[in-house]
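This text opens with one protein chain seen in two forms, each one given by itself as structure tokens under the names structure 1 and structure 2.
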Structure 1
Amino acid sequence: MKSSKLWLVLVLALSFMLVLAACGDNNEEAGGNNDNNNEENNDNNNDSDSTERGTITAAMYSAPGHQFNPLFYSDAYEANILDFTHEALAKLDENLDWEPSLAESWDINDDFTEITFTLNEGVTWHDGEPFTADDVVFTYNVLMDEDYVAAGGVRTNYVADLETVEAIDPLTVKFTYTDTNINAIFDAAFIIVPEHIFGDVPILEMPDYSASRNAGEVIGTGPFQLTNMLEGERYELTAYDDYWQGAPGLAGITWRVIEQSIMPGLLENGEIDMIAEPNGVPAADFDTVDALEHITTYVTQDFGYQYMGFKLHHRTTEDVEAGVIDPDNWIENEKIADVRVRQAIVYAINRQALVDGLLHGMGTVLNANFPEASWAFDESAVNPYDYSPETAEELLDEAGYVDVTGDGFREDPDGNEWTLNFDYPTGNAVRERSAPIIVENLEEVGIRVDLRNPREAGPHFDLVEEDDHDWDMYLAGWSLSAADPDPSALWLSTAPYNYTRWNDPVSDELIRAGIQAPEAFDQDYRKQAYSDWAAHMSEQVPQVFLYSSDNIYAYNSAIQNVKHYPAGIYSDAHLWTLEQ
């Protein structure tokens, strides 16, 4: 080939690239100095009536699974859409108390077995049909249907004690429970779906039905409507102007899926305006994002926490295979049976250092099963277990775990080798990093730990459940209920989620006391019961509470009226406006 031809090809290719590069300058990159640039651009693409209202771009790190039926959705990314398009009878306010939403008020009978809601007038679905009590009845009947779980639904906890739901009149609906239900409002606050859309669809086909899946066909009562989407990339919400609380102040919200690592850059140059659920701004990026002049940040403690569990008991292989949870058959794990050993381990782990280092200070060391925002939180009830290797060593010495062989590691009271097996999962970067550091801490006080290679989350949690093996310690996390602090599902000795297999009659009794009618209708009584329980747990140490990380929300300061609630910032999104 002649060199001239080659150069021609190269020059052509190069100029093509430059043309491509130039094409973008005017229609995409908004530039770092003008925050509203891309909103204005987007406006041109929207309906003519939205010219004076702005559109914002919000970002999430992973794509939603495209199940936009609240009965069946499963991930936090789908929730990012549904939070704007659908509503429930009641919602949590800034004190984590219930405030009216679709229902204007409610009334609970004296023995706490019935709750009657009066619905707001004039609420309409996105297609203009009126919202009525029949929709509520329909939604709950689906949850109670025997096909619901087979179809893919998991939210049966909302109807566990529900006997009937009746529409008294179009604006009144009554829930009747089989037993006293101190959580009646929570149980009735499931997102409502439209009967006129799904009424004739067999439940087994509901998740596949077009109204559960397609933009434009997903119908809710919320301030925004999912009108357009590009799989895995963009989800466009448009204002529903007949929204019952008034037309939204924004013309629309566009959700984009972006890679977490470049989020701060996009926030800075104005390509995105908001980062919220589910992971928000990574702790490490907080300083960068917080320093941006046009960005407002809001930090709140997450309701979830990470812990290191002790396998206090193991189940037998027969019980695991039969799926039986019977504390009478459990085999005690002698290696960590001594409570002093467990206390020593908490003292030995520098949990504040984990928060300061791994979470860049954006988190809280936890000592009880309740988030700070909850009314059940009582700091004075629990031992803070401040980092103290000296105390840890004293406790271990006292318990008879001393180093008799002189190899730097303690032996058990009988002088035998004492090694604690430690398993952890991949998937959560901070948690993964914490495992080797915890081991370092424990080795400093002479505890020999066998840190096994991490497993993927699926198999790890399978093994956490099927505990007929040699595990002593493991890492895991829980999400705490913002709505009610009752720990029964996690901590009753017979609960399947009692992964530590803690078998403690005192704890069981205290947990049951917390939900016992009629005393439990008094919140002060419950608060005391849970303080007692937290104190007992703090002393017994069935697990080491590690930390709960902060949720860090960030949004363009031009967005007005964003409410900073402990449960998130999406509340009353119809009031959001864009400062021009």
Structure 2
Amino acid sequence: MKSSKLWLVLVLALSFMLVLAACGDNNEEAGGNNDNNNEENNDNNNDSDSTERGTITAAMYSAPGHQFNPLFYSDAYEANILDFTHEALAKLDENLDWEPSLAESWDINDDFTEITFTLNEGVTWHDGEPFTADDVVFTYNVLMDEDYVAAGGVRTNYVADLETVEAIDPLTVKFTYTDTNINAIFDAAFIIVPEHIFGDVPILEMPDYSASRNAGEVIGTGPFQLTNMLEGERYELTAYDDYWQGAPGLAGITWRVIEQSIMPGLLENGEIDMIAEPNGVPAADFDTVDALEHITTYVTQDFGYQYMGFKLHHRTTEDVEAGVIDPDNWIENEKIADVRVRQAIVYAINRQALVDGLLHGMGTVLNANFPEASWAFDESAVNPYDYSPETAEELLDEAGYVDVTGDGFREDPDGNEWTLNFDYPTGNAVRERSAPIIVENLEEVGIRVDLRNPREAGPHFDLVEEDDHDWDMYLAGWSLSAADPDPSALWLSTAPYNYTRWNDPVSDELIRAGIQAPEAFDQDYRKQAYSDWAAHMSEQVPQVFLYSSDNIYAYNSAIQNVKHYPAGIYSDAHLWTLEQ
């Protein structure tokens, strides 16, 4: 089957739903046994039911962080499992509109303070237990519990305005909000977990509970089950034949952890069948992969971006240990407290060169949280911060950071050595290669940088969250989903995901204005509110937006019924079949 290249220009909203959160890249180690895997792929003509239906092998370049409870997972690789094993009440369709999933329908009252869902009949968990409204109530009560954040949970944005969630009957559940909620469907569309599995488990113990971590014990309602894994190497999903929308067309999906550089070769020779989330095929290999006759490629704007974060404040050790997010207790990082320093750093980094050189032009430089595809995007609201070492030097001079010792590096205004610590994770090859380039750019304007040894992504992002240490700058990314551009989950001062620990009352006020009812029912009002917020963020520079890369999905053309949606290709995976 001849391959095809499909380009999709997104025209609707991007969201901070954060179903794929924190862009947690793990190690680069190639996983799995090539011979065994190839044998598995080529056995599709055997007589067993599994091989009659076919099993495909997909590749991701970092290992999941070993957390398969939707309440606590933190990286895009764990999401590669959960996207097939778990579901929510509603999901986004090809037009980025909400459509039913576990719920067959919903009703919202006139003032948008209540939304009532009617659930589909006949839905069961992977262990055969019925899915009911009690599972929805349980999931959201965990999100609202004070122990949730202490246990490591960060998705409190889904319940920020939730007053109660109640089961009216086994197939009816009602959400009641403290005030008009313009994002009621979004807030009620979190992934559901089973009460009968976790109901007796203390919330503080849930992340380490066996059903959150062990293959064969992870229970969802999705079309596939996580049945076996060799941690860090391979993760086997098996079809759940009692799936409520019908038995899946594939017998299984095996995820292998493979070094990114060798993925295209394995795709070409048939050892793997799919490269998808996150980021997909490396841009440098796109032309080669797109030319393969047996491969279909699909390119779309990434729902996320890469950034260099500033640690503007650090939490106390006591708050980290207690799981507390309290801006009143934060300690300011004086090394990057001057806004002119942060502005200078953006001017000093040649971000377009990163896109052109490392992404082969398949990406876009960003200057705000709203990519061009979003209706909230306003190019005129932000400073483009075009590469200008001269402007960077002027700002640093103005702020009093000058070279007083003659060694080529600037001291702080008090004449003390000024060194910025810089941390980054392994796993994402482009991001790894960008780190020394950024250091070189900064040193050219006299900023001394300590580029520290990279860590595997799991430990790296643990330290990003904990922030009771000496970090100044770090590389990371956000993987986002599509629904609404409300940035509160990332940028409110009290949001757990506010990893830069930006404590700015003006920012908080502008973010809240964007969802203020009834004004926010007018999209023009919201657009202006978000333009005002983007302008303020652009001036204050709590982080350096680097780029949004294009997502390049590639899969064996023998896989049938793959839907090319703006948010990716995983939707309705139960319909996938393998052409024999």
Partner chain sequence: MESNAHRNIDPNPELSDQQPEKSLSPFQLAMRRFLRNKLAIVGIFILIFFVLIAIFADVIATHSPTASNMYKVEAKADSENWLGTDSSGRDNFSRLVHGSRISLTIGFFAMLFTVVIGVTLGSLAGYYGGKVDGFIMRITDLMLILPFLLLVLTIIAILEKINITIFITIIAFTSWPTLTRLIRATFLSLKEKEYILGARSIGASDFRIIFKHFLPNAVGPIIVNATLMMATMIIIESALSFIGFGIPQPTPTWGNMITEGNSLRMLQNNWEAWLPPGLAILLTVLAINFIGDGLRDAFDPKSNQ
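Throughout, residue numbering runs from 1 along the sequence of structure 1. Computed from a prediction, not measured in an experiment: that's the story for all the values here.
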Chain form predicted on its own: structure number out of two: 2
Hinge candidate matching the rigid-part switch between structure 1 and structure 2, set I191, S549, V142, N498: S549
Angle, in °, that the smaller rigid part sweeps relative to the larger one between structure 1 and structure 2: 32
